[in-house]
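Here we start with a single chain on its own, the form predicted on its own, put down as structure tokens.
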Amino acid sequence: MEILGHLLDGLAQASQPINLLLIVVGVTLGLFIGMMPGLGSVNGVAILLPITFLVPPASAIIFLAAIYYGAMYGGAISSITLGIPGASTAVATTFDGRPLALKGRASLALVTAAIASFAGGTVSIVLFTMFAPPLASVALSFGPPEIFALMLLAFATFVGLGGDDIPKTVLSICLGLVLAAVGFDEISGEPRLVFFDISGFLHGINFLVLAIGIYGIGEMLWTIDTTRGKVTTTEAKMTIKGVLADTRECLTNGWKGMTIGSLLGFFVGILPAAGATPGSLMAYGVAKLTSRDPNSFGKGNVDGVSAPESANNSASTGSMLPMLTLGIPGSPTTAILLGGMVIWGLTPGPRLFGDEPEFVWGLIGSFYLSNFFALIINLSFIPLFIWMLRMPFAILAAMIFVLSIVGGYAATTDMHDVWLMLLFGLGGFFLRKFEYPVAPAVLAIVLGPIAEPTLRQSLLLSSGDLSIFVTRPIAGPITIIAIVLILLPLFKLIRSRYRG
């Protein structure tokens, strides 16, 4: 009852006129920031941080959190309508959202993304409200062996992304791991894989540059090649009756993905330095693994949209938990929010809930309102997003190319990355041409920078003994499940040959 009383006080504070206005403005800005390739929640919050010094600290953090929420919703829009991930958190949405749009089901994909985002946000906010302090202590117990075991589990769930062609999937993962290793070694500080001694490779390969190249330019080249230069338009209609039918289909066929994404996303989000991108990719892999029709993933499966979208919104709330309770940012965006709190004279950590209850519960109350307004605003703008798909592909292709170039440059402000993005676009096109799955490579370049240092730190802790991954109480079960999943295709092959 005490928590309920605090929550009601927080909702009352978040409902004050100035805070309500900041929530609506922040969510709307975040929606458009999220759908612009190369921006995303990190850049949006960083750019708008100076504006918050005009309002009280509680209102400032509510405004920035609303931008964060809106950007999580908005990232799916360009992924579905243009095939370009608005942010790294929306890459997994492209896998099935874009095929749905190409089939003329863009309305279903956009409605599913909005409802799944709302479901993921709601579940994570409730979990946040009820279990913040104990969950923070659980997250703190995750050391390098546990985090590496979790990354291994993510790779294991994605082995199925290549269908029955496991060698191509493994090769795709290895290619992503090689690209993730480019730049300075985090532990030794030595440069490695700096191709042709080009200095631009020293800062590594930016994930968003790779994602925009593969799913923006690569998708455009693939469409041009398959249509043989014919000017085509994507059929897309929008009616109130159609939205209601799409909502019914989303809830009927996408509930499993929402459940997996909401719970898994929140758990991954509370892990320090994990964030929403690994959570959305892992949720997609688990949804595919547990599906009755895994072969339909990548071709327009509703669960393939609902799982990553619910996961990235759930993880965005989860990443707030270690920031507030431990003073440890759970994602790049919360790291900026943490810096803002310090500037405003607030000290994140275990004592924050006791020292600043009005601030904390006002922020939690704003989560509920931001999530609600994000759903309403997103659904209201769907006709505009549908209109974009009615343009002739000749115009749409030029728009995709320009947005990809601008987004790639905005991510790092380095022309080296623009040329690199064009190469990735060509590479993504040829991978699709020869039927190699690109999703595992994307997963590898996201998780590689997390998995490699945690593996090496774990081996340093155990003096090179690999048993550290199976003897620890949390890492052990996760590692065993990952190994079983990795060997599962081999078991299936042996069983099929035995029956034959």
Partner chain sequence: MRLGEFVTAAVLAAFSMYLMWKSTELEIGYIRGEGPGGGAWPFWLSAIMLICTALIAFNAGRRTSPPSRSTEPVLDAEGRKMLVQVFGGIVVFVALVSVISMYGAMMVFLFYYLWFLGRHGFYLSLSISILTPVVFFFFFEALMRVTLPKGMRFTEPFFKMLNTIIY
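Positions refer to the first chain, counted from 1. The structure displayed is predicted, hence computed values, not measured ones.
What follows is about the form predicted in complex with its partner chain, which we do not show.
Enquirer: Pick the stretch from 306-314, 120-128, 361-369, 420-428 whose residues have a heavy atom within 4.5 Å of its partner chain in the predicted complex.
Expert: Stretch 420-428 is the one.
Enquirer: Find out whether any non-hydrogen atom of residue 102 is located within 4.5 angstroms of its partner chain in the predicted complex, and reply yes or no.
Expert: Residue-level check for residue 102: no, no contact with its partner chain.
Enquirer: Spell out, yes or no, whether the shortest heavy atom distance between residue 379 and its partner chain in the predicted complex is within 4.5 Å.
Expert: Residue-level check for residue 379: no, no contact with its partner chain.
Enquirer: Is the gap between residue 459 and its partner chain in the predicted complex 4.5 Å or less for some heavy atom pair?
Expert: So residue 459 counts as contacting its partner chain.
Enquirer: Determine whether any heavy atom of residue 355 comes within 4.5 Å of a heavy atom of its partner chain in the predicted complex, and answer yes or no.
Expert: Answer no; every heavy atom of residue 355 is more than 4.5 Å from its partner chain in the predicted complex.
Enquirer: Residues 188, 193 and 403 are flagged as a possible site; in the predicted complex, is every one of them within 4.5 Å of its partner chain by some non-hydrogen atom?
Expert: All three within 4.5 Å in the predicted complex.
Enquirer: Which residue, 202, 343, 178, 245, has a heavy atom that falls within 4.5 Å of its partner chain in the predicted complex?
Expert: It is 178.
Enquirer: So which of 132, 153, 375, 221 gets a non-hydrogen atom within 4.5 Å of its partner chain in the predicted complex?
Expert: That would be 221.
Enquirer: Using a 4.5 Å cut-off on any heavy atom, which residues of 452-472 would contact its partner chain in the predicted complex?
Expert: Heavy-atom contacts to its partner chain in the predicted complex: 452, 455, 456, 459, 460, 463, 464.
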